[in-house]
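We've got the same protein chain twice here, in two forms, each standing alone as structure tokens: structure 1 and structure 2.
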Structure 1
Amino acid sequence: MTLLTRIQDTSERLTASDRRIIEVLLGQQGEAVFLSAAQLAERAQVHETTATRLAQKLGFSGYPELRAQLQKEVMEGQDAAARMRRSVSKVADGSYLADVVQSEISALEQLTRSIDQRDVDIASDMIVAARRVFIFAQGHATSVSVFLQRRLDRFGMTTVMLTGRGRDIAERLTSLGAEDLVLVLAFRKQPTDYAALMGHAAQVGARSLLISDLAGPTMTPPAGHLLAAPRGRSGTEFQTPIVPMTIVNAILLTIAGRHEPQVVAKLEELARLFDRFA
């Protein structure tokens, strides 16, 4: 079980101090693997005992075992990157294309260790079972959300895009009910309107799904189901969009595979409509 999976499984029991520790652990992995419990707590600006309590909450005997797990996962990621570096070692300096390819492959390898197909199955079934899918995204996540909405529309599903801010979003939520699904795409940090959206979804009994990166496990209140994976290089460096796009494509293919008769019927209907409007 990866550290990220452990965090996801205990997300509802995490305190604000726990989340600050996790932000350092996941957001600054390269440095965090060398920090003691006291140094980690200082960087997160929490009490030193928080690191130990969090480790035990995640199922470790103590902070040293948690750090060992983080070191193991970081080394595995570096090994994957090192293999790719060797394969492009003959490329001249300044070959940005090769560098991007290397980073994308490393990120995709990490994705397969972060998300299990069973979690994708659950997400896909949640979407199919929903009366309507309310899609919320802001910033860079909107490009992925537009792609997802168009594909779901083609599958014959009813989608509602939650665009804008505050009042704009609230106006589209007046009809949200228990048979609907709120699907959020959010990266780097918790969006301003996330808490209000998830709070309202819980109040009316709507199910919720979050597609995110390392910030996902720290978002509160937690979504009913979370799909989260690192998006490559940490910190302020380039974060690849290929990871969330791959997650979305996996969901779409899983929907098509698990609900083939329903999806095929809608695509055939769409083909007839295309002919009519041609």
Structure 2
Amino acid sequence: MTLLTRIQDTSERLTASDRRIIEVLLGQQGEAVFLSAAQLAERAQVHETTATRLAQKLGFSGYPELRAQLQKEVMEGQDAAARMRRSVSKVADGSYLADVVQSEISALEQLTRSIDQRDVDIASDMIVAARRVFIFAQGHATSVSVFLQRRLDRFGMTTVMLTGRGRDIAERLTSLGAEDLVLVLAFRKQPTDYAALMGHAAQVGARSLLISDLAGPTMTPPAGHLLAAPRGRSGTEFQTPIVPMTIVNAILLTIAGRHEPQVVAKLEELARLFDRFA
């Protein structure tokens, strides 16, 4: 039973004070969901008691129950569309494809909420300003790093891949200097060599950029700049690199658009040449 229904069913028994509370409740839904009975009553200029009694009049056991109902409705209203699609995909039994597509889409929608274009701008500036870009990636992150490296190479940048373990990385790091950038791709949890890498970067004065998921903010020492967004299916093993891949892509497009407007045309010409020769 929805809150609105309950109000309608009880409408003839509502007092003026009740109506003022309801007005706040529905008029400022977004904020009302967080308020305690006392806070709500204050906004409506009525006594706290009235709020409690209204809740009971509407058939709830008490005010907390009313608020929970409101929260539920607001939440569902937010992603009603998404929920609908999700349930549709579940109906088609065994349709893993539809399910995967659906969860990737929600993850991408979440992405614009987690990251601002300004953060992307900063990241692209850092990359463009760097003499060389050292790309650190392990495990599942390597697929993203492969993508990133190819693109940066095409932009004419110098990249160094740090994909091995321990010694392999150390050897390639000897030349790291203040003008270089360390770009880390890391998901789920902090990689073994992360701390050492960041420590070294800080020591030689190199800047650092971390592209990550929910684990990003917890990695230490913190990177110079962080781009983090939750990936879909959080908590399960079936996470994909699509969200970070899209972050990387946004960075690449920003570089092309902000710093090298002419580079795009060149790249496409190059691609056509490749098509003809290769």
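Between two forms, the rigid core is defined as the largest C-alpha subset superposing within 1.5 Å. The model shown is predicted, which means the values in this text are computed figures rather than measured ones. Start at 1 and count along the sequence of structure 1; that gives the residue numbers used here.
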For this session: Go through 1 and 2 and tell me the one that is the form predicted together with the DNA.
Result: 2
For this session: Having superposed the rigid core, state how many Å the Cα of Ile22 shifts between the two structures.
Result: 36.1
